[in-house]
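Form predicted on its own, single chain, as structure tokens, below.
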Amino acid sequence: MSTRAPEVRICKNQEAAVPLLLQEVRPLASPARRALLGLATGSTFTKFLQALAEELRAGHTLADNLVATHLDEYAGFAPDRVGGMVHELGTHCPPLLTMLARGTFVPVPYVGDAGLLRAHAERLQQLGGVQVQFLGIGRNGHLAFNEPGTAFDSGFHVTTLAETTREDARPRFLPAEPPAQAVTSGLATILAAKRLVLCAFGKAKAAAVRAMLQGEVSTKCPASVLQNHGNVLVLLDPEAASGLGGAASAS
């Protein structure tokens, strides 16, 4: 178990977190290293993905020297299907689609075949494992699609989405119903990354952030497992940090 608590930094707003996230990416994109970056989706990371696209287009962070993956995918959503995670990533950061074609963006399988999930996990290991993994947090404390009750030793698996998760996703699927299942990185998969960077913005995330950082480590709040990692940066805006009593540095 780690003795180093997550580092917490308070950003003025979502935009102010973007330079800090880019600072995490730039050292990975070098010919000597070519390290694996784990991306996250959702509105929390939209502005970052757009900024990353500009960097990749401008050559500041060369796509040829970056390898990427992501956390999860809705069951049955192929990379080109609207509403899916790869489609979202490619929409906000089109250079990722070029990387997908080249094989340097490795998507999570969108079907829950056990052999495919094992092969995906093995592929990430062959690439050296995730060096930096970006994360968001759900209102119920989920990480990726690891809902409350998920075992801490879980690997890639198919999960049934909580109703709060489906409700939060509903706008992206209207007029259709949001999916009921997804393929997701497990909590053990996430913890295997060398460094974790979690972002949370808005008052709706405040209770989950408090449980993650100041509550007991429990499957009731999957994100609380980050207390056991030892190399975690948490970026919050003032609203998401409003439930915390401890000190945090401002950015």
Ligand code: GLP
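The first residue of the shown sequence is 1; numbering continues from there. Just so you know, these numbers come straight off a predicted model, no measurement behind them.
Same protein, other form: the form predicted together with the named molecule, not shown, and the subject of what follows.
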(request) Could you tell me if all three of T41, L71 and A144 have a heavy atom no more than 4.5 Å from the named molecule in the predicted bound form? (result) yes
(message) Test of understanding: in the predicted bound form, would T91 fall inside 4.5 Å of the named molecule by heavy atoms?
(response) no
(request) May I ask you to state whether S154 is within 4.5 Å of the named molecule in the predicted bound form, using heavy atom distances? (result) no
(request) Considering only heavy atoms, tell me if T150 and the named molecule come within 4.5 Å of each other in the predicted bound form. (result) no
(message) I'd like to know if G112 sits close to the named molecule in the predicted bound form, meaning any non-hydrogen atom pair within 4.5 angstroms.
(response) no
(message) Between A75, M85, V108, V130, only one gets a heavy atom within 4.5 angstroms of the named molecule in the predicted bound form; which residue is that?
(response) M85
(request) Check each of P95, G136, P178, P79 and return the one that places a heavy atom within 4.5 angstroms of the named molecule in the predicted bound form. (result) G136
(request) Heavy atoms, 4.5 Å, the named molecule in the predicted bound form: which of 207-215, 41-49, 220-228, 23-31 makes the cut? Say which one. (result) 41-49
(request) For the stretch 111-127, return the residues whose heavy atoms include at least one within 4.5 Å of the named molecule in the predicted bound form, in the order they occur. (result) none
